[in-house]
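Take a look at this one chain, the form predicted on its own, written out in structure tokens.
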């Protein structure tokens, strides 16, 4: 298998929702996981855990939870309406792909769940007074940034899959029913899922990935001053 270059992977790693049922060799999944753990980790804690689900019954249990959550998310999409940068045709294609995934995610040969083991804040009385005075702010901050220690690994997974001829995407609907997912996976109390990623050989084609131009989304120095580079 010929691997692709980094920029080609980034520019062509589409969200591939339609996957073949063919099994994926363990050595490819191991390479994907090894790419994941090369990502940055807050404080170099490396407190990530990756659950690889191949058992058919287990995949369909997770798929049922994902389907239930996605029924709710579908109503939010409908109420929100089409993003301005998408044509009606593009939006309908997006929704059709989502609907297919909601019905078939459990059929993917591999479901990968990137997780984090929660790091607790030190006790307030173990901190200097000036930090302890802002303890609640630090608790809120820690909760807000938790994903920064796992989502770079998720992006590495996406790029590694692209390089190895596999299809995947990041999905998160299942987190609406995190307790049910945790029970299925028998996760410890301090471990939480952050994504549910189907992995398999794609039925669709890779890229190119269509995006709004940089000139529409980047500013120079402050909001409103367009980046012109």
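Source: prediction; values computed, not measured. Positions refer to the first chain, counted from 1.
There is another form of the same protein, the form predicted in complex with a further copy of the same chain; it is not shown, and what comes next is about it.
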Using heavy atoms and a 4.5 Å limit, would one call residue 201 a contact residue for a further copy of the same chain in the model of the complex?
no
Answer for residue 101 alone: is it within 4.5 Å of a further copy of the same chain in the model of the complex, judged on heavy atom distances?
no
According to a 4.5 angstroms non-hydrogen atom cut-off, is residue 54 in contact with a further copy of the same chain in the model of the complex?
yes
Taking a further copy of the same chain as it sits in the model of the complex, is residue 96 in contact with it (heavy atom to heavy atom, 4.5 Å or less)?
no
Contacts from 203 to 229 to a further copy of the same chain in the model of the complex (any heavy atom within 4.5 Å), listed N to C, are 209, 210, 211, 212, 213, 214, 217, 218, 219, 220, 221, 222, 223, 227, 229
